[in-house]
Structures are given as C-alpha cells and as structure tokens.
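The chain that follows stands alone, in the form predicted alone, written as structure tokens.
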Amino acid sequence: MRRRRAAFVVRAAILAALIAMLEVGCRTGAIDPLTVIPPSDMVASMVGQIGSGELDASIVSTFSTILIAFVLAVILGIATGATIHRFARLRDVADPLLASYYSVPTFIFYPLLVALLGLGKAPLVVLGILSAVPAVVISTLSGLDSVAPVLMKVARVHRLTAARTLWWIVLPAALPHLFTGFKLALSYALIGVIAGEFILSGSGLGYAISFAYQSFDNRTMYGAMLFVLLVAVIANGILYMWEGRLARRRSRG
C-alpha cells in the first residue's frame, strides 16, 4: 500500500513539473501560442465551455456512444474468448489473427460502415467495438489460461455446477486479466469513437475538436481536448481502483 502511494506521489510530482514547465514556456514566449496555449488557459476554456453548456450535446453524444461500444465489446469479447478457449482447433486459427489484429487500421472501414449503416451512432459504435473487442478476447484467453487445473479438479470433486464453478473459481482466478482487458477496451473504444467523429461525423467531441482546429480556434480545441483526456483518465482510474478493491477482497478471502 505504501509503495503504491509513493508511486502515485512520484507520478503526480512529475506530471505537475511538466505542466509547470509548459506553463512557463507558453507564458515566456518560448513556445509559440499559435501551437500550444498555456495549461491554465486550457483549464479556463474547458470550464467555460462546460459551464456555458455549449458542449452538452457533444458530451452526451460522444460518451453515450463510447459506453455502448464498451459494453458490447466486453460482452462480445468475453463470449468470443470463452468460445475460442473451449475449442483447441479454433484457438490455433484465432491466435495468429489476434496477434496481428492491431496492425490493421480499423479506421479504413469507416466509409464502408457509413455506406452500410448510414450516418449517426451506428458506424461509430461498430468502429469502437472493432477497436476494443480483440483486447477483451485476448485478456479473456489469458485469464482462462491462468485458472489452475487443480482448481477445476476441486470443482469436480465437490460436484459444483457449471454456474458455481464459473462464479466461485473461474472468475476470481481470471479477474486480474479480465480487468486489464476492460481498461484497454475502454481506451480503444474511446479512441475509435473520437477518431470516427473526427473523420465524418457531424456531432460529438471529436467533431467539435476538429471544427475548432480547422477554424484556428486553439482555445476551444485545447479545452475540449483536455476534457476528453480528463474523462479518459478518471474512467480508467475508477476501473483501476475497482480492480484493486476486488483484488484485496480476493486476497483476504
């Protein structure tokens, strides 16, 4: 526990120092204001946009899409990973594909998704799912591989049902790997949706950032970017804390 707190303090100190250096560089003119604005101005812009309500529609559109993509990616990823793990021949086929999946830029499918599904949330949701599912599949396979055979023998000796075996043995053993997949899936879903909004969408935070960039409105652009960054960090932090809490409960048990 002390080691984690010490690591957190060190990371926070390094981040604070970098932000201070950026602030000083921007204020003294060492960094061109047309390129980067001071962090304090980014915060002021973000607070102003949120307070005025001008980002409300974009926030709802973007994060509802990310949430749908994330939940569907988790469900599909766990189901697919469990199926692949069950059949050895399917695992032999799937492993090379999963290993090379992220070498393929999924964004190239966005025009095709728009042609098939039309403009709106649907192609963005699919793009988010395509980005996030492999991470969940890989983590599910790693988690199921980590379940010790002796634990499964214990389940058979005690004649546990499939549901009890899953709840009492498989999930606790696989949970650390699953949470790694969840955190990655959230990041990939966010990247996929935001990038999709950059390309063709007419709404959402990605579109707002792209529009501000094309309008040379650095203040608005950096304010929206900072908001997306903070939400992503907070969401991953919540998952990290939840993972740690479950791990402590598991160790006590």
Partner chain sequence: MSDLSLETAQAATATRRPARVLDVVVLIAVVLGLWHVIGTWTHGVAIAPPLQTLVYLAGLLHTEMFWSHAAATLEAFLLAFVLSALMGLALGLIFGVRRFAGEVAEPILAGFYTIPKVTLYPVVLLLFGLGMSAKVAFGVMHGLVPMTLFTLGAVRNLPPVLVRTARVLRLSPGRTMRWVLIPACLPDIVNGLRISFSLSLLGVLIGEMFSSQRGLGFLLVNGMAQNNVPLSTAIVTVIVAIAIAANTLMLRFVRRFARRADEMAG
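Positions refer to the first chain, counted from 1. Just so it is clear, the model here is predicted, and its values are computed rather than measured.
Just so you know, the form predicted together with the partner chain exists too; it's not on screen, but the next bit is about it.
Contact annotation for the candidate site: V71, W167 and V170 all lie away from the partner chain in the predicted complex (no heavy atom within 4.5 Å). The stretch from 98 to 106, 121 to 129, 151 to 159, 74 to 82 that comes within 4.5 Å of the partner chain in the predicted complex, counting heavy atoms only, is 98 to 106.
At a distance threshold of 4.5 angstroms between non-hydrogen atoms, A163 is out of contact with the partner chain in the predicted complex. In the predicted complex, the partner chain lies farther than 4.5 Å from every heavy atom of A174. Although the partner is absent here, W242 lies well away from the partner chain in the predicted complex, with no heavy atom inside 4.5 Å. The partner chain is not drawn, but in the predicted complex it has no heavy atom within 4.5 Å of A17. The partner is absent here; in the predicted complex, the one residue of I59, C26, M46, A195 having a heavy atom within 4.5 Å of the partner chain is A195. Residues of 76 to 92 that come within 4.5 Å of the partner chain in the predicted complex, judged by any heavy atom, are R89, R91, D92 in sequence order.
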